[in-house]
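Take a look at this single chain in structure tokens; it is the form predicted alone.
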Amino acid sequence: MTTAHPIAPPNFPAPRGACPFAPPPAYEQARREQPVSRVTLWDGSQCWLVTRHADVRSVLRDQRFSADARHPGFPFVTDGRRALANESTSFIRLDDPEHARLRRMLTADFMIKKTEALRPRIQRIVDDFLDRMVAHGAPADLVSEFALPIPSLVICLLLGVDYGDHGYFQERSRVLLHNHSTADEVRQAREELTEYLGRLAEAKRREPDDGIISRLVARGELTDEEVAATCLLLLVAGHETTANMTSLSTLALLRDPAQLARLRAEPALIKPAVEEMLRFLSIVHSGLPRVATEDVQVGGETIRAGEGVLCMISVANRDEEVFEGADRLDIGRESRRHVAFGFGVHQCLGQPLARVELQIAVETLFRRLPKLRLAIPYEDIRFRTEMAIYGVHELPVTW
């Protein structure tokens, strides 16, 4: 008689399938067959993978699951991510009340009314970079000439950072977000950015302006380290996420002529179209990490205190129980229940700004360049599978 041995949990991350816009097929299968299941991480540790929409929302709003990376058992998807989290005091890796205290200091800067008031200014920025791209001539890389500089300039203006330094922080941002960066490389990049922001904060004390950094310094409630960590998060997240959503949304629409034709015929659809692309593309593709602080039942499984969880928002956003025909892009769909920005108290603070930037950038691009198309074969496009934020490395286009 032979003794049965349990099958080892699959390794994380799983490979992507034929469609670069879709999550790995293994996770789609897990959502259908075993929506709360175990996986093995890079260091041999195990955590739970949560893939169903209802379960993801349940975990992200449950205070028994901590976002604090200092808890034993917190799941890190790379060594570099662990190094970054362990040395950061960013509020996204804190629980309430510390999280709420730091977040409240920024809430007014990202309220819907405030970001809507920025529309004329953002429209001018979008038109300006599009003018430059067109003047430069086709073909052009949509990423470096359009998608990346727009949110970079916007977040620099809001923070009070010199846009002339964008090359400096973008290069270090890539190190922080690259899955193959070593712990030492991440520490060095973070240290350099922290020192840069620290010097900037000191300059704001001497010569204040109306930027976020200056206002945080003037409050006198934060240490220099807290100011630097908060602004580092805003600086990196404020341009990487929107830039990649802009370029990937453009590619998705170019690959779906029927949806693109509909958007051009009905430009008022731009708001639901952006929500649908946020759902359909879900660029935070390696999940939102949490750790249980006590035993919790999720999806029929008991997650024990001290066990890590990865909430796979990209998979949850393809849940057929919530979004009928979820694998199909439909810009007229009601997609507001997506979890692309997370859920619960830690959901993305900058989502109103991201929505405005995406709406203006995508609408303006396709309105002003009606013959926009790829300048290279689709098969030659390099996708950012090795980065924390999914997207494309370059997007050569012509018009």
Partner chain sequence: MRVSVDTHRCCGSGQCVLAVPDVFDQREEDGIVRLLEQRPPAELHAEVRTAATVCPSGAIEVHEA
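Numbering follows the first chain given and starts at 1. All values derive from a computational prediction rather than experimental measurement.
As for the form predicted in complex with its partner chain, it is not shown, yet the points below apply to it.
> My question is simply whether residue 366 lines the interface with its partner chain in the predicted complex - judged by any non-hydrogen atom within 4.5 Å.
Outside the cut-off, so no.
> Find out whether any non-hydrogen atom of residue 333 is located within 4.5 angstroms of its partner chain in the predicted complex, and reply yes or no.
Residue 333: no, not in contact with its partner chain in the predicted complex.
> Any chance residue 117 has a heavy atom within 4.5 Å of its partner chain in the predicted complex?
Residue-level check for residue 117: no, no contact with its partner chain.
> Using heavy atoms and a 4.5 Å limit, would one call residue 144 a contact residue for its partner chain in the predicted complex?
Residue 144 lies outside the contact set for its partner chain.
> Can you pick out, from 107, 302, 86, 188, the residue that has a heavy atom within 4.5 Å of its partner chain in the predicted complex?
The option sitting close enough to the partner is 107.
> Which of 218, 138, 112, 203 has a heavy atom within 4.5 Å of its partner chain in the predicted complex?
Contact check passes for 112.
> Within 4.5 Å, heavy atoms only, one stretch in 66-74, 334-342, 33-41, 369-377 touches its partner chain in the predicted complex. Which?
It is 334-342 that comes within 4.5 Å of the partner.
> For the stretch 344-366, which residues lie within 4.5 Å of its partner chain in the predicted complex by non-hydrogen atom distance?
Contacts from 344-366: 344, 345, 347, 351, 352, 355.
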